[in-house]
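Single chain ahead, by itself, as structure tokens, in the form predicted on its own.
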Amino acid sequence: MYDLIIIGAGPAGITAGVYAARKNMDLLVVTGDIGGQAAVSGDIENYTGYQFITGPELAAKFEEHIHNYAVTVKENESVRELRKSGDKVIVVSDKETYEARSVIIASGKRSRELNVPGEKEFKNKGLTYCATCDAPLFRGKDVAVIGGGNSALDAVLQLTKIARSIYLININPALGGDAVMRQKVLGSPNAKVLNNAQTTAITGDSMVSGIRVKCDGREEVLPVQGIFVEIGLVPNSDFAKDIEKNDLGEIKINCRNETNIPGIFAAGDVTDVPEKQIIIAAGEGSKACLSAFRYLAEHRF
């Protein structure tokens, strides 16, 4: 029986873990990986203390920090079920079942899929959801990035140094994201922005060879060897069936990171906190841990 189980080890989960370790809580972290979305981000320029750091470098710092404490981290485990039973919370992963007096859900988000013909067939055969991971595989090739927000802009900026040409396929009338990133993309000589453009299919034989796009009423196939899907994220909250969520599937929390079930807290991108930023997730993780610590202190078990 643990004092606290933290689900996820991105910025929110890692920070909660560090705070819990410093409080000498009997702690377990269950996660698929360490770093979460931060690990697959490109250049990070707005994290306090670092004028510039890459996503993988920051994730390595997170991992180093948590391992400075005697924290048990179960990596490569996916949580399948979460339920409250009396005074304890039961966490069921794809490998084991755990029990705790309190839980922090910091499971983050995953990439949203296109749901168009060819997507499943060509996944990892030229189609990917992570420019930071896979951009080097497309050196000197023609590629497409699908999306119009910060993640899509970040992918384009990474690819301008690697790919021969990049199509940015944006379904909206204009690009979103930060103004600085938009200006960099629009000023890139090998990047072409297609607004009001809808992806209708992925084409190819054994590997991706093209992307079918409908733009201004006309449909054409753009010849590309790589496709990067950057159309947003979906919260990893399916396992928390009894937890109250909003229409997007994000877990509802109050200012103390409490959910609708006592003893279960949530932090980071999986919640309905309006801004999804690394530094905000880290702050929310610390808040959630302090709330969990207060909950344990106020209840007798």
Partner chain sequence: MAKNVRIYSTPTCPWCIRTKQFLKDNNVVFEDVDVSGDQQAAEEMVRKSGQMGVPVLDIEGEIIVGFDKDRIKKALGI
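Between two forms, the rigid core is the largest collection of C-alphas that superpose within 1.5 Å. Please read all numbers here as calculations on a predicted model, not as lab measurements. Numbering follows the first chain given and starts at 1.
Just so it is clear, the following notes concern the form predicted in complex with the partner chain, a form of the same protein that is not shown.
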- Query: Applying a 4.5 Å heavy atom distance criterion, does K95 contact the partner chain in the model of the complex?
  - Reply: yes
- Task: Would you check, heavy atoms only and a 4.5 Å threshold, whether P136 touches the partner chain in the model of the complex?
- Result: yes
- Task: Answer yes if any heavy atom of I34 is within 4.5 Å of a heavy atom of the partner chain in the model of the complex; otherwise answer no.
- Result: yes
- Query: Any chance T160 has a heavy atom within 4.5 Å of the partner chain in the model of the complex?
  - Reply: no
- Item | Candidate stretches 248-256, 231-239, 22-30, 58-66, one within 4.5 Å of the partner chain in the model of the complex by heavy atom | 58-66
- Name the residue from R112, K125, R80, K88 that puts a heavy atom within 4.5 Å of the partner chain in the model of the complex. K125
- in the model of the complex, the residue from S188, S209, T132, N196 with a non-hydrogen atom within 4.5 Å of the partner chain is T132
- Partner contacts in the model of the complex for 75-98 (non-hydrogen atom within 4.5 angstroms of the partner chain): E75, N76, K95
- T132 C-alpha shift between this form and the one not shown of 2 Å or more, rigid core reference: yes
- Message: Is K161 displaced by at least 2 Å at its C-alpha between this form and the one not shown when the rigid core is overlaid?
- Response: yes
